[in-house]
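Alright, here's a single protein chain in two forms, structure 1 and structure 2, each given by itself as structure tokens.
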Structure 1
């Protein structure tokens, strides 16, 4: 039985015992046999699986070697080794966490033992008590495991590829192996190779311009239409609202493909109609001129996305008290003055977090660009980099992986997007008035 002192002098003894073997302190000193047995079972499983852990981690470090005498499908697959290694590291992290919990639990139990002047808490050793105290841990465990294996592991794998040479034609498993190359891919993209660096700068700048214009135009369009409909005295306002919602209700893929055909330079109905009306003599290169094509992207995105903000603003406007407008009207304020001093500030206050989220969404708005232009038209470096004149970073990543199979460069771009967007989104969100006042 226990030989612990109740004055706290046995803390090192409890700590050492709990470190030597998981759950040993609970069994030896506190008679918590069930809890101690569970911890001990985890340690036994860990010891049994150590050879497997070591093999998987070693494979992740080396990423295998290609033996040309072995059939292709039986060779080492570097990507599988990398995924397995990351998953094993996640399992090891979980086991280390359980280990820390067991040690801290033993120390906490000893503190309670001292507080009770050396009396054991035998009620805490019962199955019902153990399950009751551990319920939050067991309740959250499935969610934590899902987050680890379905969120964190894929993200870590995506980031790890940026530090390898996983790309065609020489490093595609299983016919060839993949090697760790450190920051070589980052060096190539950020100054090491002028063609790739130029393409990265061009696409990154256009991505930021696109995200800003797409967000601002949709918000401004939605705000204007919401105010106009709200102030309008016509009786068929619901009809207009329904019509304006239609572009947002139709799947974006369909809308973008339709616009792609309508604006086709050869047979598009827009050019043909303008020519039939005598307004133009030659076809307008809507989708073949770089700058005009970028303008078209913003314009079509406005058509497809303003109704979202229109509904959002209309909902927020209903929360503004009519007494405010009535008081302003009595004071002689004009409609525009009331919009500028009352409606706009209150609506912005409510919708700023959603504007930030919309900006983040537009930065990664794959469908609006890919289905409308496919990243075209081509520019000088498109043959080497596969980055077209309207490609944004996310569509370029798609081209790099599907067309060129340069997963290493695509992973670098993914990291760049995360590093740029995450701090910006958090910083912008924390500066909003609604966040500072703790309402969101």
Structure 2
């Protein structure tokens, strides 16, 4: 019973035992008692926990009922139920992976056994070798666990909320329950309720315009500064370079809040200075006129963001081999010609992926908008939707969550962002070296 044929004919026997009970084949056939026992322990734990899993998943499907006669603390809390359910699903996924790993491990062990003509690999069963072999598992465990519980579970939760009615005023636990509503929220946002649809369209278009302008201005600004500094023969170049690095070194919270105060319409320094100088008679509504405010956002973002690209382009320029220039100058090329035909194309080529990355960063650039304008000025639908004239999708999500508690609509927006961003992420992924070399 516990002996295997070395000609490969016992494969189904190994498969069957390992599927029957995790770790069984490791113990029975390969004398790997430690590994087998660990797998068996996982299986026992799983079996014990199955009733809990079932209740939690059932709760997630029903999301509970609120019995108003019960004290608040004792009532079903739909949100806890939903999060618990998702966490349990994550745990189940982990257990299934362990199961698959144990079965595949047993099969791999068997083929090694056949290859050795039926010799048991007893050396491989020692603790030290087991630890060595499972190094990938121990190495990845912290990262995987953290990502599952602090990144994936929250994201799945917020995606799930898009299909519920979790929102103020009438569906906030624990005083009321939350229910699954299917695609109701999507319908409301995409045509069902004209105020919300209008706001969504307005904010989405501004988000795209903002992302594009913010990226292009910063890139162009950084490129120009890097080129001017690199090509000019000024002695105090390092001084200027240090000045231009400053915005990158100042925390965004600080620089945006400073600009907000400087540009304040009534008491801001900018307006007061312009008035003292006699350049204007009335205060300029920097942050209270919708279009002017949007322009200011792009301009201030240029202030804050060009340094990063300047550093990047400088870095790329130093990486270009001097041999190329030498060869070009032997051929009699002028400085300007070399710049146009060598430096610029190479830098552009190297930094294109970073333009995409910066675009996705700006689409999600919470700080640049929230600290500078707070999404203001108000527009026609702001009172109902809480979306101001300069709000981009992420700041709107923040307002919906924190001020209006319309979690369901906020989740729909998060899904919209995902749909917009996913193609860019996949595109930049396919450009990476490891993908091209077929490693992943």
Partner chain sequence: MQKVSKVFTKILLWTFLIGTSLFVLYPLVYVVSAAFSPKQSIAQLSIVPFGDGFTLDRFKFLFNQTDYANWFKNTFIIAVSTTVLTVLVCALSAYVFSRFHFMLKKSMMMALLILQIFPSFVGMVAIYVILLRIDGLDTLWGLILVYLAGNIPYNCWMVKSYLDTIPKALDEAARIDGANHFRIFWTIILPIAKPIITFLAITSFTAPWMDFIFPKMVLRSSKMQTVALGLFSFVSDKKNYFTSFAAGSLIIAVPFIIFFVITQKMLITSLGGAAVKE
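Here the structure is a predicted model, which means the values were calculated and not measured. In this text, the rigid core denotes the largest set of C-alpha atoms whose superposition between the two forms falls within 1.5 Å. Residue numbers count along the first chain shown, from 1.
The form predicted in complex with the partner chain is structure 2, not structure 1. For residue 309, the Cα coordinates differ by under 2 angstroms between structure 1 and structure 2 after the core has been superposed.
Put the two forms on the same core and the Cα of residue 102 is off by 2 Å or more between structure 1 and structure 2. After superposition on the rigid core, displacement of the C-alpha of residue 407 between structure 1 and structure 2 stays below 2 Å. Its Cα shifted by 2.6 Å, residue 342 is compared between structure 1 and structure 2 on a rigid core fit.
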